[in-house]
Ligand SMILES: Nc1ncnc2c1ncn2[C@@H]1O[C@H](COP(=O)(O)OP(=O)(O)OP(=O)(O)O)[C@@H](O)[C@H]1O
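The chain below stands alone and is given as structure tokens, in the form predicted on its own.
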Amino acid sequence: MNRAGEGLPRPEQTRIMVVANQKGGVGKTTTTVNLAASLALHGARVLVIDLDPQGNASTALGVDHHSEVPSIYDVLVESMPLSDVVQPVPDVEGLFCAPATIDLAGAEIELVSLVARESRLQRALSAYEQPLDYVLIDCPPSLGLLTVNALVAGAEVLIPIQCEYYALEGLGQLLRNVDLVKGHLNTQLHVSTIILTMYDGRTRLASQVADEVRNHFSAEVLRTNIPRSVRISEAPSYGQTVLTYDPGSSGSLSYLEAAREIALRDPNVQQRHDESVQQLQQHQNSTMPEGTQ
């Protein structure tokens, strides 16, 4: 584990990655915390921003996030400096977390009346003075103002897709929203990475879904699949990532390899995003019943 980061390059500037998919249960939080821990074990300085009111990323990282703790809610709504809410993650050197509390559940409504409501997270990150290699933002399973704040703040979108039936359902709407934000609020935004989660190599369905996703997004999909793993599921209940809970497990090794792939990719190369969106929309239109387009 201590030698995990040998030979990995540090990015020239902070890479801000938005982990998003409005479909629930696809492994957004699991992917966020385990990739963050993997990158930190590779020697990077990593900040996780928990934008989900459920606070699952904060729980998984073992970070205190009860209602009295300063949180990302205070940053977005009360304009508190980000440095006042960031906490170091126990057990993983170089990993930090801006926790979410239950107060965040009302933030969508409170943000509506605030000035520059879409760019409050971006401004907070711009004012954060500590050096960082990566920022991973865990989004809620919706496309509201919290997710929009993340998309305005980041340059890269990382989409976890589970290897299950209906895997691509709803993905078209997410890609359209990414394009809307890119067109109006953040010209740097693009889908840089897609990671396949909950992969069960024993089933034909998993390989079919993987093939279909790779067919639509060949440039964006990581070679490494994240397996369906009991260890990955158990780790959050102990306030840990799978990297510290069971370092030798298949899930741990998969996330380490996925982090290596991400670190070795060139974040400045705009992927074949527009072509991918077009292919997906054509695919969805061709599979819809006649008259419903």
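Please read all numbers here as calculations on a predicted model, not as lab measurements. From 1 onward, residues are counted along the sequence shown.
We do not show the form predicted in complex with this ligand, though everything after this point is about it.
The shortest heavy atom separation between G62 and this ligand in the predicted bound form exceeds 4.5 Å. None of the heavy atoms of S252 is located within 4.5 Å of this ligand in the predicted bound form. At the 4.5 Å threshold, heavy atoms of P141 reach this ligand in the predicted bound form. Residue contact check for G25: one or more of its heavy atoms lie within 4.5 Å of this ligand in the predicted bound form. With the partner omitted here, the stretch from 225 to 233, 238 to 246, 65 to 73, 41 to 49 that lies within 4.5 Å of this ligand by heavy atoms in the predicted bound form is 225 to 233. For the options A167, V152, L175, M198, the residue carrying a heavy atom within 4.5 angstroms of this ligand in the predicted bound form is M198.
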